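Next up: just one chain, as structure tokens, the form predicted alone.
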């Protein structure tokens, strides 16, 4: 395929589309609420009303207002219906004819929607993720063409570096620097790996991108392959995401069919293929060296670094590993330029960040905001605060690797450095709101139980330390702890943090340490009162 064929396909698809498009979210969240039945009923009502020439019902990805699903949008009318049932279908169709509707319309000026800045999610909820033609119609694969035919590999690396993009998997390592490191490795076999092993409780950002816009990730990976000199990519996706896997398989097949993956892409010398590897549910495989072992067919356990994957990764070859959201940022950066992207966000944290907003909040769902947006803006303005007039007690970010932000710090901007100062981290993008009824010691216990279960067992500090930390936290929850246990808990956290092999063990104590930092009194209140007096400081009396 050449660029003229790509442009012709885009025009044909735009011409094919009907004046009115009724977009049904069929991502996992809405499907679980009955979206398939809603879509089928809408199609039936369009046929009955004789509107098949004027309107079409389309499956699309996530419409973001997940807590109010199933969701249906109508374009170009600009309408968004929430909590749609099959019984609402007739009302939605008659509304196309100017009649009153009984379905629940979302306010188009709702803060949850108006404060977003979709870059990663720009196509989410707008295109059918299983039709490559719709992706191409909105400019898909133009960035890959631009990179291959108008830029050198070094130009691509420079553009990504200048954009200021940092890895969205949690660590925030400069993406351009990582690409440059792999690109400088000696010529030979290299690999590109997309880490889609999203496993944090309450996180569904990467899943939504893969379900809603899989070609965007494939295109980003192909651009990365060209930039670093790799011809083979792998997407490592967790088995718990069957819809994402299905959409990826379809997208890869379609891209191969049109010559957008495979040999001599756009009649250039560049070849690139992508394979899917399905994880077996191990959280530790989100760690890049454990992920590498799993792709190779081994047990998913981490190894010491150096050497880093950029030097010796898959089968000891130089390997570039980025997560889904990082690759999804590549296409718009190439299309609109590094300066455009660098103008968004803060001085050290450029661009936008996608968050899964969940927990005790009125409006849960998927949001994308510029870096530097405050936690308060996300939780209280966009999310609508706590239901039933409650108050925010804490916001947990970064999953089991992160920590808890107290209500007093809600004006903290969301960027890598600011969150680290609070003892938490960006992580992949989970954001869980807790109200004033939440027991923070139980929250720490929950995350430690998760880390204890997910430890691979390779290193003793993590294998034994997480078990002992969970036992100590259980003593507090059961009101059996002493002041000595509190001292032991804190010391053990630091030991596990400083001696574990990989990021799972190193970060496992973070939820405990952050709750000790901001909610220490809750631990003290749970100490057994009879035991407390046994551990008071001794006073030596003079003779």
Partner chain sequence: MPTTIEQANPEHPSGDRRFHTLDITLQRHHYQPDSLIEVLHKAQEFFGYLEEDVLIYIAKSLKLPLSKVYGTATFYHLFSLKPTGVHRCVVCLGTACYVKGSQTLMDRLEEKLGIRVGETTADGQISLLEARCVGACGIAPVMVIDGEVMGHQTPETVLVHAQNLENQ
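Positions refer to the first chain, counted from 1. These numbers were taken from a predicted model, which means no experiment stands behind them.
Keep in mind the form predicted in complex with its partner chain is missing from the figure; the text below concerns it.
Colleague: Has each of 29, 296 and 443 got a heavy atom lying within 4.5 angstroms of its partner chain in the predicted bound form?
Modeller: Result yes, every residue of the spot touches its partner chain.
Colleague: Within a 4.5 Å heavy atom cut-off, is residue 67 in contact with its partner chain in the predicted bound form?
Modeller: Yes, residue 67 sits close enough to its partner chain in the predicted bound form that at least one of its heavy atoms falls within 4.5 Å.
Colleague: Taking the shortest heavy atom distance, is residue 415 within 4.5 Å of its partner chain in the predicted bound form?
Modeller: Contact with its partner chain, no.
Colleague: Quick one: does residue 301 come within 4.5 Å of its partner chain in the predicted bound form, counting heavy atoms only?
Modeller: Residue 301: contacts its partner chain in the predicted bound form.
Colleague: Is it the case that residue 116, even though its partner is missing from this view, gets within 4.5 Å of its partner chain in the predicted bound form, heavy atoms only?
Modeller: Residue 116: no contact with its partner chain in the predicted bound form.
Colleague: Tell me, please, which stretch of 262-270, 425-433, 223-231, 141-149 lies within 4.5 angstroms of its partner chain in the predicted bound form when heavy atoms are compared?
Modeller: Partner-contacting stretch among the options: 425-433.
Colleague: Only one of 179, 204, 135, 341 has a non-hydrogen atom within 4.5 angstroms of its partner chain in the predicted bound form; which is it?
Modeller: Spelling it out, the residue with a heavy atom inside the cut-off is 204.
Colleague: Between 307, 281, 111, 390, only one gets a heavy atom within 4.5 angstroms of its partner chain in the predicted bound form; which residue is that?
Modeller: Of the candidates 307, 281, 111, 390, 281 is the one lying within 4.5 Å of its partner chain in the predicted bound form.
Colleague: Counting only heavy atoms, which residues in 434-454 are within 4.5 Å of its partner chain in the predicted bound form?
Modeller: Those in contact are 434, 442, 443, 446, 447, 449, 450, 453, 454.
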